[in-house]
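Shown next as structure tokens: one chain only, the form predicted alone.
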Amino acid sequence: MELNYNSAAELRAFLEKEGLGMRKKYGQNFLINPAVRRALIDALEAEPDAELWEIGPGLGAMTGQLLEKGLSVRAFEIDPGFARILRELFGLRPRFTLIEGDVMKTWPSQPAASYLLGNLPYNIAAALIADMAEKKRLFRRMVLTVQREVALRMVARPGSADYSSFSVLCSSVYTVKPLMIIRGASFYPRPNVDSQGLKLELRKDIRPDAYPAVFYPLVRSLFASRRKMIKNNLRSFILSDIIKKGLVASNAGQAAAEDMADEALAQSRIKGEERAEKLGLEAFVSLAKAVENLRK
């Protein structure tokens, strides 16, 4: 079986012949630009024999190139029809492993790898990256294709309009580097928005396992109401935690939450009038450590 991955017309004819179709719910778009495919694979800088996860291989346009480089590829594919084609194309290759089903459900049971390559659908990109980061499933390097809107959030810096809790999460474990902007014409079917290639390098100056348990929930909470001062969001977070744990009655919880929030801000040397969108990673880590200590 041979496929011309560079031709939308030939891919469309192949899908019709095989009785397959593109499912909108899966966010499927084939990358038909060979130069972009090569650039993304080259950006991995993966050594031969390395273990790699490929998210959303589709019909295997990049899978074959990865195997030719001597990589061991664990491919995650949700579409049963595409999975059938992948088995026919690569099933006998000793370095190829196919994981069928929703990657959000299947990845936790799979062995770790050094690298990840993925053309991530818009509807799962942020959730998948966040889930892996919070559960400490980290990669030496990831090269991702995501919609431009998601990419802007991932590379955003404090004070910018796109800066969010997701920006903080990404920077907490990776250095995120923009690669090329990928126009709609590079895909079949052609999407209505641009995509962006990104390289995520695991940070060597940070130990992700050293973050307090409260770190990620706290960051999300502080961004929940962006226009509120950080002291107000912090008090709400602590109050919710106090009541949930049943540590004190809810009518007394308000005063306790205010005291804890004020003390945590003082220990972190953060002004309560600041807003989360102005704080950098170090400030969030410092605040999370103070809250964690006070919770104990």
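Since the model is a prediction, treat every value here as computed from it, not as a measurement. The numbering used is simple: start at 1 and walk along the sequence shown.
Omitted here: the form predicted together with a small molecule. The next part is about that form.
Within 4.5 Å of some heavy atom of the small molecule in the predicted complex lies at least one heavy atom of residue 30. Taking the partner from elsewhere, residue 61 is found to have a heavy atom lying within 4.5 Å of the small molecule in the predicted complex. Looking at residue 201, you'd find every heavy atom of it more than 4.5 angstroms from the small molecule in the predicted complex. When the small molecule is considered in the predicted complex, residue 101 lines it closely, a heavy atom lying within 4.5 Å.
Contact with the small molecule in the predicted complex, defined as a heavy atom within 4.5 Å, is made by all three of 54, 76 and 79. Heavy atoms within 4.5 Å of the small molecule in the predicted complex are found in one stretch of 168 to 176, 114 to 122, 150 to 158, 129 to 137, which is 114 to 122.
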